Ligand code: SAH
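Before any questions on how it binds or moves, here is one chain, the form predicted on its own, in structure tokens.
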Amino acid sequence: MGVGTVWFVGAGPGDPELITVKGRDLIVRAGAILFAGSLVNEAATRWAPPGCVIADSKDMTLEQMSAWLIANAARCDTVVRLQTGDPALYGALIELVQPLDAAGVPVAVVPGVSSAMASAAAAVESFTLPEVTQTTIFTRVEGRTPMPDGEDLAALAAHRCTLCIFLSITLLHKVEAGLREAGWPEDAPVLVVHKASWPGEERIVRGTLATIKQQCREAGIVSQAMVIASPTLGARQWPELIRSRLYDPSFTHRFRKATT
């Protein structure tokens, strides 16, 4: 038997039904699954076949995870590493891939739905609107992991575009400080979604720069929450919107001629 492939699969934001079809099909045929139990809903492993070895990595070090994946790739054709959201965002993808490369273990990645997208969906919000903002920044504030030069929140917030702020719910004071330093007004809307898409656990908090920290404190939200600050928030209730040119009757494109 040759060396099996380790698949890094994005489990999505929480709802097990938001895993991709490809990701689910890999679980169906997996001989071993290592899932990030502190963040991934264990229900995502329910499609695993009988006899599949399933382990939770929440108490493992990086070295232990790498060793587990390498050992199981030696006995299984398909090994799945289930990661929260999308493997490319705030996951230890490259740190885990390097030891596998060194051991000659083939790897592949299946993308997943990010909690940023799930949060916007839960709140029925859009990150972009014509002539409001066409840019979305995924970032975090500095905690134990420092931010590279030029990537502090105030510098990014100066663009006045949509900010999806990961891993920062316990650092809302830093989020507030960064937005204020960039000139955002006290009534700027801020959205916090806790456990986006998790069945029975999702909570949505809408506030402003002036109120959101206290609102989250009162709601007891201290983990697994996405913070979104954007000039587009609340647009569902705006009396007027600038319409997309693509769907405007006066706009001609290769599928439709202008009618006005």
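Residue positions are given as counts along the sequence shown, with the first one as 1. None of these values were measured; they are calculated from a predicted model.
There is another form of the same protein, the form predicted together with the ligand; it is not shown, and what comes next is about it.
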Interface membership of residue 166, the ligand in the predicted complex, 4.5 Å heavy atom rule: yes
In the predicted complex, residue 224 touching the ligand (heavy atom, 4.5 Å): yes
Exercise: residue 125 in contact with the ligand in the predicted complex, heavy atom 4.5 Å: no
4.5 angstroms heavy atom contact with the ligand in the predicted complex for residue 47: no
Partner-facing stretch of 192-200, 22-30, 56-64, 209-217, counted where any non-hydrogen atom is within 4.5 angstroms of the ligand in the predicted complex: 192-200
Listed residue (132, 147, 89, 156) with a non-hydrogen atom within 4.5 angstroms of the ligand in the predicted complex: 89
Heavy atom contacts to the ligand in the predicted complex at 4.5 Å, residues of 65-85 in sequence order: 84, 85
